[in-house]
Ligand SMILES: Cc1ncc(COP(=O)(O)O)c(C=O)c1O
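Here you get one chain, nothing else, as structure tokens; it is the form predicted alone.
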Amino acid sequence: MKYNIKVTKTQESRLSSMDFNNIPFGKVFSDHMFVTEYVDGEWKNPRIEPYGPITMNPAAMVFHYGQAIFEGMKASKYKDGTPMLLRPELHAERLNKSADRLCMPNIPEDLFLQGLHTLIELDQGWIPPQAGSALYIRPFMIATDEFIGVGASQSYKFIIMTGPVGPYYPKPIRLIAEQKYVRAINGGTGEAKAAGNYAGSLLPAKVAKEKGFDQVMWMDGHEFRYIQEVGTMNIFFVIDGKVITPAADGAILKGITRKCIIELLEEKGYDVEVRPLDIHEVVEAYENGKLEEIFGAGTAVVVAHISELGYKDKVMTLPAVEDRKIGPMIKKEIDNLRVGEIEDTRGWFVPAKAPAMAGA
């Protein structure tokens, strides 16, 4: 279905004042945003408007009962200047799965995609040209009913906002296996990209940093033995030539980058295992000299190399990045696909191209 998306352009673009060589992550935003509201059982008034504050009633249910979900995406440019999106349909699909878990309405995937394409084509000048940088895309949905009472809202707002970003982790990071706090359990909201999941992670992340680590590696909520994911990404281990990543068992976010990496490795003939992974297996592999790499994977980081992993009183130091094979290869391939340096034979990347726009 083709939607009539009204476009109101900003009267004064901020693009000319942008220094793409100095981009603080998550603090700079592009000129426009896509907005639509869910009222009386349908999404209405889809539009592009200048980026800016939104007015909310203090009784809006999102503030009190936490119905808030989001996605994280990136737009890059091919070397010919075409703005490109990586598997955007999977993000639309995952957003709706998050909506289902939080008792929120689905947004039609074609509306999501048309709004996204229209916005990125309009603001493509905000895509940084530097290697490793991109235009970060944040679609999100919040409950807007003005009611203090536990229940699902009947009205919602959906927004897509964007902003240029540099590398999320410019250097390898140190992880610590969490032994007290839990991110998610099977049956909880771990598979949903829900705002509350991240609120609950802030204290453990703060404690980890006080101990000298960069991020928490979450463990299962029963025995604290089985590895789940990291605060900002999924995680992969290379043990004796095999690539292992924890199975998405209901408590782990099904990352789009994770999916891409698994498919890439399988195509290249690597032995990839998606299964429960016991921390004791990792420790044993380290002690036997078979723990070759650990790397994170996510939209913001693409691939983040792990330099050290702390578990109880042990700190496992990984080989230098230049001595690794798989993580650097994956990052290079995805980065080259993003800019069109190598051919996208899988059809993952699609040009951001809006249909004829209404309004002016």
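In this text, residue numbers run from 1 along the sequence as written. These numbers come from a predicted model, not from an experiment.
Beyond the structure shown, there is the form predicted together with this ligand, which is absent from this document and is the topic of what follows.
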Since exactly one of 231, 83, 188, 221 fits, which has a heavy atom within 4.5 Å of this ligand in the model of the complex?
231
Which one, 255, 164, 88, 246, lies within 4.5 Å of this ligand in the model of the complex by heavy atoms?
255
Heavy atoms within 4.5 Å of this ligand in the model of the complex: does residue 298 have any?
yes
Non-hydrogen atom contact residue 117 with this ligand in the model of the complex at 4.5 angstroms
no
Since only the chain is shown here, I'm wondering whether residue 101 would be in contact with this ligand in the model of the complex (any heavy atom pair within 4.5 Å).
no
Could you confirm whether residue 94 comes within 4.5 Å of this ligand in the model of the complex, counting heavy atoms only?
yes
Heavy atoms within 4.5 Å of this ligand in the model of the complex: which stretch among 51-59, 31-39, 298-306, 330-338?
298-306
In sequence order, the residues of 183-199 that place a heavy atom within 4.5 Å of this ligand in the model of the complex are 183, 193, 198
